[in-house]
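The chain that follows stands alone, in the form predicted on its own, written as structure tokens.
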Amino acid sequence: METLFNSIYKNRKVLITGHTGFKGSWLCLLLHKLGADLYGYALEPPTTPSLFEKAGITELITSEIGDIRDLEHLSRFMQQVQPEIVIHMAAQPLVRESYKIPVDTYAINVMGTVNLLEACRLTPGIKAIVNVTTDKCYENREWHWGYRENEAMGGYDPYSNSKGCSELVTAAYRNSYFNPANYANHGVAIASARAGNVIGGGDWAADRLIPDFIRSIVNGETIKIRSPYAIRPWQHVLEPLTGYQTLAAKLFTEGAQYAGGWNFGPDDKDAKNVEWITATLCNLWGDRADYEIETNPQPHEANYLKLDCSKAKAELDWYPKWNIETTLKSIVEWNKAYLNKEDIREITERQIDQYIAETFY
């Protein structure tokens, strides 16, 4: 597996912010398999239980517990590590939570990005930076076609808007300090990555469809869903992660021609509504799993959201590999193994191996 991505990651110093979260934990396991020398900066795991703790990821990474809002601490750690590749995923990632804590959401998602890029600016040796944002960064016009990378940034709610702001911060730092026209002088290539609704085993966050489904199953309750007809670009967590790694490798080896924004989403046929996802999960799970539609008023969320990934397909040769049916089967398999008290790292690495074997060889 270390030969993937032309062995770019083997023995390479990679720093991940947000490594204790759901996506960060999967990324740590994947990069470890690629032979990377891993460093992480994040708060303590955001959920109990957490994939980070259950999979023993602290054994695989030099982990620094810190707040992305603390520029001094972050800068000091980065200068000690002197990473070559930085993948920024530290965030307040929940739409509904952003309505409750808007100030913290902006502080983490906007000023956190400023702090990360400023720390990178002050740290020698960095060659590639990927800022991970979201499909929700676009000004949502409820179109039936996917948003392209050159569409306007926006966001109705504090979370979505803060991620649009994070994109603008990234563009400003790229223009001002890491300008592609001056790449020969500074040697740093910076890009942003926008993924869809990322799902997979090991996500225990509140107010997310799959974790809420699993909690209801465990508690013997009927699953309650809101916004049943809302369509999202659902994708297995390994899909965007391999996209980020492909992008970071290109930034590292070929430089500023890959700077800019990139979409990593599923094919159109896999953009399904919430009720379809829930009904399919109930069918796959069995054991009389059932759902009902929540009738209470809900905070605003987009009804229709898709990404156009033509750029990543054409220029990075990145394509979504697992369709939605395969993705949901893998989630049911992972969670049933977890409930059967199987080894969590083994479960997760087995799915990584399966994904790589089916999609890269």
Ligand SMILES: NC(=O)c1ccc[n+]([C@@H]2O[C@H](COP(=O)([O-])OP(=O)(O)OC[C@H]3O[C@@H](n4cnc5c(N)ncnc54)[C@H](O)[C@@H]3O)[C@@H](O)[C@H]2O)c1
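We number the residues from 1 along the sequence you see. Remember, predicted model here, so these are calculated numbers, not experimental data.
Not on display, but discussed next: the form predicted together with this ligand.
Contact with this ligand in the model of the complex holds for none of Gly155, Gly164 and Gly265, as no heavy atom of theirs lies within 4.5 Å. In short, of 22 to 30, 327 to 335, 313 to 321, 55 to 63 it is 22 to 30 that has heavy atoms within 4.5 Å of this ligand in the model of the complex. Taking non-hydrogen atoms only, Asp308 never approaches this ligand to within 4.5 angstroms in the model of the complex. The closest non-hydrogen atom of Gly196 lies within 4.5 Å of this ligand in the model of the complex.
In the model of the complex, no heavy atom of Phe178 sits within 4.5 Å of this ligand.
In the model of the complex, at least one heavy atom of Arg208 sits within 4.5 Å of a heavy atom of this ligand. Checked against this ligand in the model of the complex, the candidates Thr170, Thr133, Thr278, Thr242 yield a single residue with a heavy atom inside 4.5 Å, and that residue is Thr133. Shown without its partner, this chain lists Tyr147, Tyr258, Tyr159, Phe213 as candidates; in the model of the complex, only Tyr159 has a non-hydrogen atom within 4.5 angstroms of this ligand.
Taking this ligand as positioned in the model of the complex, the residues of 59 to 87 that bring a heavy atom within 4.5 Å of it are, in sequence order, Gly66, Asp67, Ile68, Arg69.
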